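What follows is one chain in structure tokens, specifically the form predicted alone.
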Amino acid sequence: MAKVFIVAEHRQGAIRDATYELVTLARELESKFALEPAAVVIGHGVRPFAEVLSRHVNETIMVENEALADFRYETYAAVLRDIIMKETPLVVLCPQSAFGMELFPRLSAETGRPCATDCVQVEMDGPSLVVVRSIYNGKINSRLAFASSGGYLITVRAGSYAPAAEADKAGTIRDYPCPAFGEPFKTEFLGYREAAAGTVDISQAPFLLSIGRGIKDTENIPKAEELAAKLGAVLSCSRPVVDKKWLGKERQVGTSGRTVKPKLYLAMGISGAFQHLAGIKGSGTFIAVNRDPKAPIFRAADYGVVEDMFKIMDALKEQIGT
């Protein structure tokens, strides 16, 4: 049976959520196209990660070595090259992140396997792989078919699939021998630098009122702050608002800001770029307000209101009263 491998991304003692989303995709490929899923976890002291992943897939391939304690392309790529050449999976999946983008394009050139990045959908069409990529800021989906190949490398955009729940029974963990590395290494791991903490932690807020480019001007920020206070919400924003320095970085939602999981997310004047939507994929009820009926954000929202955000703000203030 052909296989689909999931390269697990972990950082600072935790498996990244995007890995569990790839499990959902791998299960879909299994049920529709008979591809057998397996996870690959690379690092040092990663047996706890392997045990967690074994509760999601039938087989977890674990590669342990002190040289793999911190991510660097030379070591991780050497391991993946060895696994790909010996195990010959048809599809290898990785999150679309700094981790995946460092690994897969270069690995594609080195292994001769075609690569597609930032995909939102993956399926088979006979012997060939077909992917869907979102382009033009989410306004168009491009469907691309590969020429038939012995294997494919795919990075998948965060938020494209729901995180997978644990399977009914645990799978097996297979220790895979670590290949020899050519030292000295060309790169040196210096450490992780966390973003400075701000005055508010939007990741813990149960209710977020988020504003985007539709706020138009810094003079309108107090209107949003007033409404958030009346609603009992915390004010957050999309990247354009931070880029213009109208609000601080600590209030930015998205892949370059903070990932949030509020019970209620009210987005006003936000178009819905994928970087922003990836940051809210774990939210509860998602309401979007935008005057453009074709705004990408409406495809992700639970409820959508096609209207000028300022009219909605005024209506909400009137309903709440003073």
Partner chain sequence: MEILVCVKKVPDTADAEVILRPDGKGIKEDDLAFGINEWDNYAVEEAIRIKEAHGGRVTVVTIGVSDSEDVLRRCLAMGADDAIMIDGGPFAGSDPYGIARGLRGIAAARAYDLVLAGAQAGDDGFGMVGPVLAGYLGWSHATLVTSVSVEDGKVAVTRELEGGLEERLRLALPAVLTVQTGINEPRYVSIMGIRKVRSKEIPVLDLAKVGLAAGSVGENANVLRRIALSVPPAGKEAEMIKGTPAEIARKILDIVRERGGVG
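In this text the structure is predicted, and so the values were computed from the model without any measurement. If you superpose the two forms and keep the largest set of C-alpha atoms that fall within 1.5 Å, you have the rigid core. Residue numbers count along the first chain shown, from 1.
We do not show the form predicted together with the partner chain, though everything after this point is about it.
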| item | value |
| --- | --- |
| The single option of I173, A170, A78, L231 touching the partner chain in the predicted complex, heavy atom within 4.5 Å | L231 |
| Heavy atom of H10 within 4.5 Å of the partner chain in the predicted complex | no |
| Touches the partner chain in the predicted complex: E66 (any heavy atom, 4.5 Å) | no |
| Contact flag, P114 vs the partner chain in the predicted complex, heavy atom cut 4.5 Å | yes |
| In the predicted complex, D243 touching the partner chain (heavy atom, 4.5 Å) | yes |
| Region of this chain that lies against the partner chain in the predicted complex, out of 80-88, 173-181, 159-167, 94-102 [heavy atom, 4.5 Å] | 94-102 |
| Residues in 294-309 close to the partner chain in the predicted complex, defined by a heavy atom within 4.5 Å, in order | K294, F298, R299, A300, A301, D302, Y303, G304, V305, V306, E307 |
| C-alpha of W246 off by 2 Å or more between this form and the one not shown on rigid core | yes |
| C-alpha of L209 moved at least 2 Å between this form and the one not shown on rigid core | yes |
| Core-aligned C-alpha movement of P293 between this form and the one not shown, 2 Å or more | yes |
